[in-house]
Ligand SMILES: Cc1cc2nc3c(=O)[nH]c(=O)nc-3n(C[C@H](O)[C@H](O)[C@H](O)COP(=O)(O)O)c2cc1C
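Just the one chain here, laid out as structure tokens, in the form predicted alone.
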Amino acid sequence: MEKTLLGIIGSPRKFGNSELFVKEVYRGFPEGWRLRLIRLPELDIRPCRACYRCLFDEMRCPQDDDLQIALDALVNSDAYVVAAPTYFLGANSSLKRFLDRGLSFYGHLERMWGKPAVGVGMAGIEGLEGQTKLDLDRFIKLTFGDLRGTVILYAALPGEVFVDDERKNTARVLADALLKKGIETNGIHVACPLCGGDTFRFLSDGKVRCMLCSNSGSYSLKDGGLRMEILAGKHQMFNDMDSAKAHLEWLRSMKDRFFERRRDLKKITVHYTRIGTWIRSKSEGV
């Protein structure tokens, strides 16, 4: 049976570096695979309304937009690669807009869980990718993928990513990571032992927090390298399927908690209802 590699393009630019690189990754796949592509900035994916309706009953968002198109493509894929350019020190906002509707993902948890996935971020100037890698890692983990690796490449002009043929070798590495077990790091890569993330916030008293899974711990220098000791907290989101299911139940419990406390909460909020003047959209009320 034919398998599907889904290319999730977080760039509005047609035939840009993100799109080209995803297609080059696909070239490293054997026969029996097809490539499907989806360009997130083209889709009408609206802001989450925080209604929580997608957590109950049919577990489907009530908004009539293109979210389900993207979600169905992801659910029906066998592996996926996410590519996005850097916009002002972070990945294009289309990735975050999709993730903001992520409560809808729980309705497909069983089918989404553990798909092999890799990410590639593009930046025009070396060192100015900002949080793009973290954005890509987060996208994959919050869509319940098996994060096999993420790379940042520097290319600004359309097609510039392949001026150097070495980048095609990088695409082959990512293809192999999807088909096999991940990118070989040769023991140099400093990563969170819980989630594999490599972006950290260094706190006081020798503490450190992984910015991908948000778990905390300590760091130390050992054998000439940096060592992270990250411990799992009580509330996990995606480190294993049981934790994802537990997070879903916690989210559902918020409904009952609200109804139990709404009178007390209203006593707090009522004091803020008439403060400030709202600036409204021109189209409001049309």
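Residue numbers here begin at 1 and follow the sequence given. Because the structure is predicted, anything quoted here is derived from the model rather than measured.
Form predicted in complex with the ligand: not shown, discussed below.
Judged by heavy atoms within 4.5 Å of the ligand in the predicted complex, the contact stretch among the candidates 105-113, 211-219, 143-151, 83-91 is 83-91.
V173 falls outside the set of residues with a heavy atom inside 4.5 Å of the ligand in the predicted complex. Residue contact with the ligand in the predicted complex: L99 places no heavy atom within 4.5 Å of it. Taking the partner from elsewhere, L134 is found to have every heavy atom lying beyond 4.5 Å of the ligand in the predicted complex. When contacts are judged by a 4.5 Å heavy atom cut-off, I125 counts as touching the ligand in the predicted complex. Taking a 4.5 Å heavy atom cutoff to the ligand in the predicted complex, the contact residue among A155, A177, L74, C192 is A155. Contacts between stretch 9-25 and the ligand, counted in the predicted complex as any heavy atom lying within 4.5 Å, involve S11, R13, G16, N17, S18, listed in sequence order.
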